[in-house]
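Below you'll find only one chain, the form predicted on its own, shown as structure tokens.
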Amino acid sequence: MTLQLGDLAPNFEAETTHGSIDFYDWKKDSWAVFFSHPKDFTPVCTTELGYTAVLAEEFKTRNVKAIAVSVDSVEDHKSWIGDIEETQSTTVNFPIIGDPDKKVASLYGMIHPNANDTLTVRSVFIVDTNNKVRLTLTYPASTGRNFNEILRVIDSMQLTDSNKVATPVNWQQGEDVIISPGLSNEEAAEIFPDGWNEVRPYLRVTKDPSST
């Protein structure tokens, strides 16, 4: 199954290190960062799961929950968590799904035969409060994922969902944004009374509305 942006994220029930969950019930009205790793006791993913735990407060302020999955068992996950916490100096505070039958991984297309037909590839799905897939990423096994970039994209999506703006290249929270090209100047003047810098008629730069 190939999930596209805007698709409804498949619901599922699974056993996790935090007990049994129904994905929709677990995330409720939150966003979710749902990511897979090939197997337990792997070095790159040890650093990633540790850093995800470090970001707990950053996720909380954005109404985001993190959840991970691999085809290993919950018992294996629990054994690995000790290593993650010791080596990364943190506490793993989010659930890790045990998926030995590959049910969840198959729902989300996390097993790519060209990479390995028995292990989950290193995918990321950002799912919004309406259970829609808003971002997908797949990384090679040797490259650690950039969770600061994941936070940046969430900031952008949450801002642009509630304001008629887009975010430019390398945008960070609080920096200038671009007025939606679908707005006329008259409409933009009502929404952005402080005005904008018109670099081109289609490129109108204004202050981040969330910082004013």
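Please read all numbers here as calculations on a predicted model, not as lab measurements. We number the residues from 1 along the sequence you see.
Beyond what is shown, the protein has a form predicted in complex with benzoic acid (BEZ); the following relates to that form.
- Remark: of stretches 152 to 160, 37 to 45, 176 to 184, 62 to 70, the one touching benzoic acid (BEZ) in the model of the complex is 37 to 45 (heavy atom within 4.5 Å).
- Although the partner is absent from this view, His77 stays clear of benzoic acid (BEZ) in the model of the complex, with no non-hydrogen atom inside 4.5 angstroms.
- The closest heavy atom approach of Ala141 to benzoic acid (BEZ) in the model of the complex falls within 4.5 Å.
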